[in-house]
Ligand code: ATP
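In structure tokens, the next block holds one chain alone, the form predicted alone.
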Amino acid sequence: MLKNALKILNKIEENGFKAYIVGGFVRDYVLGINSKDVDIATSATPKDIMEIFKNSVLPKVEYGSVTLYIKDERYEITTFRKEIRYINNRKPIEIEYIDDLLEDLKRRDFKMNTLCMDKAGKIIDLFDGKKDIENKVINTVGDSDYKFSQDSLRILRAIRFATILNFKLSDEVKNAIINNKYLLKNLSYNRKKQELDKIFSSNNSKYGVELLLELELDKELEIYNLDKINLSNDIIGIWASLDISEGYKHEFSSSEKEIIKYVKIVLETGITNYSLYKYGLYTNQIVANMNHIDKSKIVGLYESLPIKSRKELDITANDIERILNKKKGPFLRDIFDNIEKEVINRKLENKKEVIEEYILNNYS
């Protein structure tokens, strides 16, 4: 991506504008991390960019930014700007286009994210971002209290970056987070969950959770048992171990909600033949992972089940009606539930004549 990004810079500058790669891509480049997220800052306006790159698009939600695709690669091109006024401690609602890289960088969150790269591939460091990277510490650009009060999402971004990069938070940043953490309640559950997903799924998630607890963000985030979180390798399993506000539950798909519900049940009952049959292999593998049980054992148990669905039972509703000389009714469900359990637990052989005899002895 770097090669194409530098070509974009050169093309913008050939048209008389300034342009730089900024932010996370340059930070990761310095850290030796492969990144696929390229942001470009330029003195060109969105209208200028769309004239230079005919295949670029202007997203409705990102005012002042233009998206350019080269094959499957995505490049976000944003005009130098000042953010004059924020709303709800989150979104800038008044901006001013400028022609000054330094002023544009002042609006950014952390010093390590102010690193830039010019069209020749040279790193530009106007805020000692490299120094923070070398010291593995996170500092804000300017006053930390002001930065977090402007945009409360930066609080979770600070925790996320510290977690993923294994960096420390400076004392000023920690104190500012404590002073402004109450603002997290105004942040949408969607944005909170997005950041928490990245923290929880990181290889360094234990450190991230420790920071959340140290700074007492669990209360503001409405997670009521964060100290009991189960940091498994499955993000659904992690959320299933948490007692959370109803607001988060709207951020899960219906299938995810169902899996979380089943995981909670299996955590209480334990992994059994019946739980494997009733809730499926994936749900039980999540629980196995949470309990540090070898997943291959769970696969083996599942594969050895006598049946894997009710359709595999060697008896039909018509058979049961005939045997008991009864018309279809609610009793059928109870009988099928019972037969399933008996077959799954290998107390009853899945053969028609055996099941018929069992029904006659127990339900006639």
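As the structure is a computational prediction, the values presented were derived from the model and not from experiment. Numbering starts at 1 and runs along the sequence shown.
Quick note: we don't show the form predicted in complex with this ligand, though the next part is all about it.
- Within 4.5 Å of any heavy atom of this ligand in the model of the complex lies no heavy atom of Leu217.
- A residue is said to contact a partner when one of its heavy atoms sits within 4.5 Å of a partner heavy atom; Leu153 meets this definition for this ligand in the model of the complex.
- Although the partner is absent here, Phe148 sits far enough away that none of its heavy atoms falls within 4.5 Å of this ligand in the model of the complex.
- Using a 4.5 Å cutoff between non-hydrogen atoms, Asp334 does not count as a contact of this ligand in the model of the complex.
- Only one of the listed residues (Asp109, Glu251, Asp118, Asp234) places a non-hydrogen atom within 4.5 angstroms of this ligand in the model of the complex, and that residue is Asp109.
- A single residue from the set Gln285, Asn180, Ser241, Asn113 has any heavy atom within 4.5 angstroms of this ligand in the model of the complex; that residue is Asn113.
- Comparing 205-213, 159-167, 221-229, 289-297 against this ligand in the model of the complex, the single stretch with non-hydrogen atoms within 4.5 angstroms of it is 159-167.
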